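Next up is one chain by itself, shown in structure tokens, the form predicted alone.
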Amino acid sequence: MVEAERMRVCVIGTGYLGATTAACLSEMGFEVIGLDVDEDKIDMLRSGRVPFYEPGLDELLAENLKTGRLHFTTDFAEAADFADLHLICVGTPQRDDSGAADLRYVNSAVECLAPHLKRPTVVVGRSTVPVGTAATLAARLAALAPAGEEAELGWSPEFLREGFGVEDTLRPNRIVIGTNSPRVEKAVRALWQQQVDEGTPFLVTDLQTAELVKVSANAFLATKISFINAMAEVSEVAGADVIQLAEALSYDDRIGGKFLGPGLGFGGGCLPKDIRAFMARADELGVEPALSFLREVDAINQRRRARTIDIARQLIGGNFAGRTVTVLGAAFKPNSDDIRDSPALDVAATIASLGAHVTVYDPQALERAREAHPELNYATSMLDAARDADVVLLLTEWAEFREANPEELASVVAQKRIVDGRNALDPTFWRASGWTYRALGRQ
């Protein structure tokens, strides 16, 4: 292994995790090559354009392409010759036939890279995988690489939040590396030495523990979100206010207020598929009862979507047929254009299937939404989307929607009715402006 300041890095996979990692590592001073089999994606990155929306990443990519520290390729041989450290950052989506993780891209990354590793090299997985995957891949890497056991594999889970990916990469809240190899530990420590010197915790574990960290964190966060949404169900029936309940709970420092926001529930490419893959792996290991609670976590999350539709249907008199409905939001969360398992789009598509004329607006995700749901209508502004609406649903809490002027919106709608699916608005303010306001878990 070369000295830290001269270590060159290959990032395999240039999706959300990979592109963000590559740009940030080059910003930290490393020479980086991003590798992907998708030629169109590589061409886009080479031109300085990011194939998804992430605040600040476009600028970071362009700046580091200019310095020459960052470049991209589709050639595994070139990447193997270039890099001392390879980071596997490919996706692990949910399989079509089950809740289990689809490992084809992770397996392919190792299968394609290994034959080109002719000198001592460190490979580190960052993708979220079922526990036990890394040990299998480590053996496969050593068997296929000309360098044999000198090609070593570790696992270092990522903790990026979409919308905050650049910040979370440059200033991580912890670094975890699963390995029993001093050489792997040294390489990963060198990669993050600046952050460690600034106080970022650096944890060394075995492979299995490292694999469990990310899915355990996501399972815990999903459970916390579904817990407060379960309390929202109770609050509606009992006549309580779940927002006040959540605030009261947040002052208990054993609970805290983060991820205690009741509403439409979670979506995206991580939490839903990760908890399902976790359950599937537990079943394979013979410990399915240990994670059986996650089935209800998932079920509560899905029920929030149905309840949002029910509230909207009640507001318009019990039937969507022939009604005009506005949906504000398509991305699964603000500051992202990711529509994977988006609660907002799921609700919009369901209402459209019930006979409504549904128009969707989102500041960043319209193009992706239109590709996935061509049956919906789309507008390029909030006011255009709301024109002649019988009911407006706020389903992604973009700042633009949180700060909307109720009087301005009232000037274009047919009826002043709003369903706040994220509890993002001030109900007193909106009701004072003449709106019928409804939200999950509140009277």
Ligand code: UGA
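Numbering starts at 1 and runs along the sequence shown. All figures in this text were calculated on a predicted structure; none of them were measured in a lab.
The form predicted together with the ligand exists for this protein as well; it is not shown, and the discussion that follows is about that form.
Student: Within 4.5 Å of the ligand in the predicted complex, do we find a heavy atom from each of Asp84, Gly178 and Arg183?
Tutor: None of them does, since no heavy atom lies within 4.5 Å of the partner.
Student: Wondering, does Glu211 line up within 4.5 Å of the ligand in the predicted complex on heavy atoms?
Tutor: Output for Glu211 is no: heavy atoms all beyond 4.5 Å of the ligand.
Student: Even though the partner isn't displayed, in the predicted complex is Gly265 close enough to the ligand, meaning a heavy atom within 4.5 Å?
Tutor: So Gly265 counts as contacting the ligand.
Student: Counting only non-hydrogen atoms and a 4.5 angstroms cut-off, does Asn218 reach the ligand in the predicted complex?
Tutor: Asn218 belongs to the contact set for the ligand.
Student: Check Cys270 for me: does it contact the ligand in the predicted complex (non-hydrogen atoms, 4.5 angstroms)?
Tutor: Judged by the heavy-atom cut-off of 4.5 Å, Cys270 is in contact with the ligand in the predicted complex.
Student: Using heavy atoms only and a 4.5 Å cut-off, determine which of Asp337, Glu158, Asp241, Glu233 is in contact with the ligand in the predicted complex.
Tutor: Of the listed residues, the single hit is Glu158.
Student: Considering non-hydrogen atoms and a 4.5 Å limit, which listed residue (Arg276, His357, Lys333, His116) is close to the ligand in the predicted complex?
Tutor: After the contact test, the surviving option is Lys333.
Student: Have a look at 203-211, 221-229, 108-116, 346-354 and name the one stretch with heavy atoms inside 4.5 Å of the ligand in the predicted complex.
Tutor: After filtering at 4.5 Å, what remains is 221-229.
Student: Note that the ligand is not shown here; using its position in the predicted complex, name the residues of 399-429 with a heavy atom within 4.5 Å of it, in sequence order.
Tutor: Counting only heavy atoms within 4.5 Å of the ligand in the predicted complex, the single contacting residue of 399-429 is Arg422.
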